[in-house]
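In structure tokens, the next block holds one chain alone, the form predicted alone.
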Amino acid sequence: MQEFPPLFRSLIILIAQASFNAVIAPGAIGLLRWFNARLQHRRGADIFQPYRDLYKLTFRRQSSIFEPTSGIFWIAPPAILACYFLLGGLLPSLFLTDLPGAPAPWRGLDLLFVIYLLGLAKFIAGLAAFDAATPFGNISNGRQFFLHLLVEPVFLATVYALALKGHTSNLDRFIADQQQLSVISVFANPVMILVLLSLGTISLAENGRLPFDKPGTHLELTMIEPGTSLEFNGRGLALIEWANAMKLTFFVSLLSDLLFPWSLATKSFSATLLPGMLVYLVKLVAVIFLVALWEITRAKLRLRAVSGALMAALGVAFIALVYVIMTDYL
């Protein structure tokens, strides 16, 4: 693909990675549920069950019309899906889009942009929950914003620590620098260990996983993440479920890229496409298994106890930040 302009090539990579992330996202959810079932000695559904659920909601269920709602309620599902689709495209899951000579807007994913898109998706979901004017949706929406308010400072401190360590907040450039290091150098770095701990906590909180929320719960008084979509059905619910699967896949991919950055390709698109996909899927399965192993050993925290866990993650991120400043800038 050397004959194509850098902007066009970066756009192709963005669309390819976004589409690939969207296709495998329901399978990632199904694999996590399958691991949870097997680790608890249950049979459980197969990994393709989320695909069948999305098909049923899209083509075999009609969307109910709520008269009190406005256009916000109907715009929310595709808007939320667009936010997470864009994140999946900018994440370097198969290739590094930070190509020499590529224009600045297409130089991969800036981690500050992740915080903005996550906040935008939460805001749109909150507007839709308030627009439906149901009590349980508003309660869950308030709890979700409470969690997001605690998660955002942790995410900012983590991104700042990474930016100071790699001298950039661009994930492609950071991973490209990490590829030049050995495996021992990466895993022996205290900053990376602390950052991965705080980022793992952020991932669990943002996706409504244990111990912050119980996935798959149907108890309206305790649910957080699923509560904002209680009034959606049919195609709207399918889009939201698909978007949540993309969000989980995004965070799992982000963790796997930081843990094992050496599989990402930077040069030949066609020659490295299949090996890159296979290695990425192996990394994805490994991180999903670790998440499932974590979840079967944890119980849901009370809402008041959630702040303690996130404050601990904030402390870990600040320790990483102070360590970088003291070792690299003093």
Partner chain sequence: MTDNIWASWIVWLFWIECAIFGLGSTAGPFLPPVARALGLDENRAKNWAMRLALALAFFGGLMTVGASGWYLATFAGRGEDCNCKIATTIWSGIDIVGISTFPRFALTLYVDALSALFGLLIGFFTACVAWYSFSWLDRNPRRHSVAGAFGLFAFSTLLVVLVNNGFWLLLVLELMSLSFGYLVLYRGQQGGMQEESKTAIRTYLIVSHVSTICLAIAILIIGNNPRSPSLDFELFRQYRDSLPPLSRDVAFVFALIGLGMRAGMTPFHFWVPVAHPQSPTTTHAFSLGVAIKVAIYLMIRFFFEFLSPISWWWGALLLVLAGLTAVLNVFYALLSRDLKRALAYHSVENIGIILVGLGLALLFGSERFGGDVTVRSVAGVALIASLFHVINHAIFKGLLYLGTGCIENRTHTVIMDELGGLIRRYPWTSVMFLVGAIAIAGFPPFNGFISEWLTLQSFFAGIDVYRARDLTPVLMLVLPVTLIMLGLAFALTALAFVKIAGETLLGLPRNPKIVAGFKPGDAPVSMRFVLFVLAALCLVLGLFPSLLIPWLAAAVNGIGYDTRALRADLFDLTIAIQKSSGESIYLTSLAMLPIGMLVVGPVATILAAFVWRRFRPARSSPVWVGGEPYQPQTMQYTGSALSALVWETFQKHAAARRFEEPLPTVFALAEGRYVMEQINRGYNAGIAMVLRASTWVGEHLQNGDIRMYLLYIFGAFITVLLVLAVAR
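In this text, all values refer to a predicted model and were calculated from it rather than measured experimentally. Residue numbers count along the first chain shown, from 1.
Same protein, other form: the form predicted in complex with its partner chain, not shown, and the subject of what follows.
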Original post:
Looking at the partner-bound form in the predicted bound form, is Y116 within 4.5 Å of its partner chain by any heavy atom?
Top reply: yes
**OP:** May I ask you to state whether L255 is within 4.5 Å of its partner chain in the predicted bound form, using heavy atom distances?
**Re:** no
Original post:
Is F20 one of the residues lying within 4.5 Å of its partner chain in the predicted bound form, judged by heavy atom distances?
Top reply: no
Original post:
Could you tell me if P135 has a non-hydrogen atom within 4.5 Å of its partner chain in the predicted bound form?
Top reply: yes
Original post:
With the partner removed from view, which of 195 to 203, 181 to 189, 246 to 254, 75 to 83 is the stretch that lies within 4.5 Å of its partner chain in the predicted bound form, judged by heavy atom distances?
Top reply: 75 to 83
Subject >> Residues in 114 to 145 close to its partner chain in the predicted bound form, defined by a heavy atom within 4.5 Å, in order >> reply: Y116, L117, G119, L120, F123, G126, L127, F130, D131, A132, A133, T134, P135, N138, I139, N141, G142, R143, F145
